[in-house]
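A lone chain, given as structure tokens: the form predicted on its own.
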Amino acid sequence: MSNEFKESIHRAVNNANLTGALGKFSEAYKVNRAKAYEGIDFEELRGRIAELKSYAASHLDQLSEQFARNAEARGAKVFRTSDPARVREYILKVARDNGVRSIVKSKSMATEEIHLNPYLEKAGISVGETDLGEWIIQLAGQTPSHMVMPAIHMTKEEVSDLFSKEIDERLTSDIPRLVKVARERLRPMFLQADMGISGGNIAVAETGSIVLMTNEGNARLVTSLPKIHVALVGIEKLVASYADIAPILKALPRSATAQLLTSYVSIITGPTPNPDGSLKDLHIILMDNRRSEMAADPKFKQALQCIRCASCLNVCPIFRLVGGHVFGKVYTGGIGTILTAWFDELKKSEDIQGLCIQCGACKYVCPGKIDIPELIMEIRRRLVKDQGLPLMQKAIYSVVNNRHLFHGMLRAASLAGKPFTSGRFVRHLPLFLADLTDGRSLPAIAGEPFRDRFKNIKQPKFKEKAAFYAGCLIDFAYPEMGESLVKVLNKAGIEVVFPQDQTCCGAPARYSGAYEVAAGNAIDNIKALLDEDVQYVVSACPTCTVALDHEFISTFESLGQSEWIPKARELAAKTVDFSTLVKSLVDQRRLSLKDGQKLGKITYHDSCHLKRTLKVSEQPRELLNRAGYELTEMFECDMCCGMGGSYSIKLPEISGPILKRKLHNIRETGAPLVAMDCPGCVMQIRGGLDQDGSAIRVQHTVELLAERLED
């Protein structure tokens, strides 16, 4: 990550206006979106959208030809090209052939993609943005920070200052007055313009129609008042039939701005009459710009299912801290990272892809059903494949992949860290390591790791057995969690085995794009865990569980190492997270928790991988309730805590503010105890509360349940 990019992050997270504006919107969006989707089966709806968009992505040439044929039959002129330069040249030629001096535009990300405005202005043509947000950022000399709300990063006070300079009058931040100023300035632009340029939300092959969805009405003026209308549409906006409009029309406003419907929906099919009776000169440009290449890529084809609602930005904990001018190029946020890698070039996504913390929030609100985190992981893999790993990362992974060396170094760290250890924490580190304890304390490395302690645990002999996959944190930082797990499963009549050859799950390497390293970790663990004759492989770390249950398979698939896929599937079939297994054991009455006692208030933090990938959220809550705790939900209980594995080390300036927000939400519940199912989240949240001097306890669910077993 370049120093310049790191500096842009620092400026953004310290910009109170930016983080305040984005934070307020993000908080309101989640609530309003839920209301907008009441009574609608979102999964069914997005399944339909994914299906129709996937079909379109598989038939781009066919649908482009059909669209062009039907649009031209109705009087439009259609130009198809893959070259952004030819798009610009075509529009300029139309303008010059018709003596165009001024152009008005409605919001169009495709025109931003090809940098149309500066090209036309350099040719001496005046170009005016008419979407309010676009006009604001045009006055500010900026680019859009959001695909739907381009000026979302600006406060009304900043807009007031801009407008004051524009009209040479000191304005207040009164919104109705500011809107009136915009209307007064924009109206003459519409009336004087010789050409209107729009984008298109949908292009219907069956009828040759362009669908525009707006809230301000400016697009209707842009497409109706000037005698020439040019619509620039990326071919990913194509759908096969007129009926395909309906599901997108239902989802896009709800997902974009939590509205039931946009204020204006315009369907343009062929040119319409001008006021003087002549027909409008309608030009529709179907632009490829590597979209066909993306459609041919088996991994990235699904990105063409995007309907440009930007809901992935609205729920992203990173976007709401840094905004689109840091997290993106032309297109912003998670989906913007993917589009940048294709429409621009892979190298241009190098810095921005590192901002994704892999929390998965975007994946579950996307109406196009795009696995955005997985595609960003694929970008990382391809960057590593093209450029190799940095020397430092190579050195780290060479250690991690050598289990004996890695574990030996962790044991040595336990001794070396003693001068800096106070109780359970390392609160201060010297010299260049000092940043690691800025904002949170670190757990002390255990004097005796779990793998050593396990040898001394006395267990009854049971027929049913479970292999415990501890992961690095439980093994070397929180061995007491492992002891609690053994206690709980023994009580249910399950003997626990601990394969000593287990090692790192490979998540750090995989999330850095080093899939070959992750595959090595996967092979070592498959050998170790399948060597045992067990009914279950249980983990109390969701990141590790996801690795065993999902990512070993996908890593081998990505690398073409098909010989290991059957064994990975065999392991996945046995893998289960701790809370799901225990909930099943309680339901079967094989395990009982003490009842009759009221243990007071508790709040619960949902770990990202547990809730979103493993789809586990109610099980731990029900278990804690049965154990006697009174659950009080915190605000944004499923928002990332900022840990993200090595993310908190690489980007502490982002991880820190996310953690502070999480700690605030925990405190607001008034609960003296917060539970979670992830040792990484325990490390982050416990460390943050310790730095703050808080008395709130942080415990893994496994420890709390072990305390509540019936005698």
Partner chain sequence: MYEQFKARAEGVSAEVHRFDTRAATLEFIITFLKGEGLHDVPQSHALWADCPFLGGSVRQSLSEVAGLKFDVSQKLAAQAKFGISQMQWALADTGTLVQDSSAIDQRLVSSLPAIHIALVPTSGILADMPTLLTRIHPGASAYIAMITGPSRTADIERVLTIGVHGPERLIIVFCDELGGGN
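Numbering follows the first chain given and starts at 1. Because the structure is predicted, anything quoted here is derived from the model rather than measured.
The following text describes the form predicted together with its partner chain, which does not appear among the structures shown.
- In the model of the complex, its partner chain sits within 4.5 Å of a heavy atom of Glu216.
- Ala151 belongs to the set of residues with a heavy atom inside 4.5 Å of its partner chain in the model of the complex.
- Its partner chain is not drawn, but in the model of the complex it has a heavy atom within 4.5 Å of Tyr264.
- Its partner chain is not shown here, but in the model of the complex it comes within 4.5 Å of a heavy atom of Ser209.
- For the three residues Val497, Tyr604 and Ala627, a heavy atom within 4.5 Å of its partner chain turns up in the model of the complex in no case.
- Proximity to its partner chain in the model of the complex, taken as a non-hydrogen atom within 4.5 angstroms, holds for one residue of Ala573, Ala296, Ala85, Val179, which is Val179.
- Distance criterion of 4.5 Å from any heavy atom to its partner chain in the model of the complex singles out Asp131 from the list Asp549, Glu113, Asp288, Asp131.
- Across the options 85 to 93, 300 to 308, 264 to 272, 617 to 625, residues that bring heavy atoms within 4.5 Å of its partner chain in the model of the complex belong to 264 to 272.
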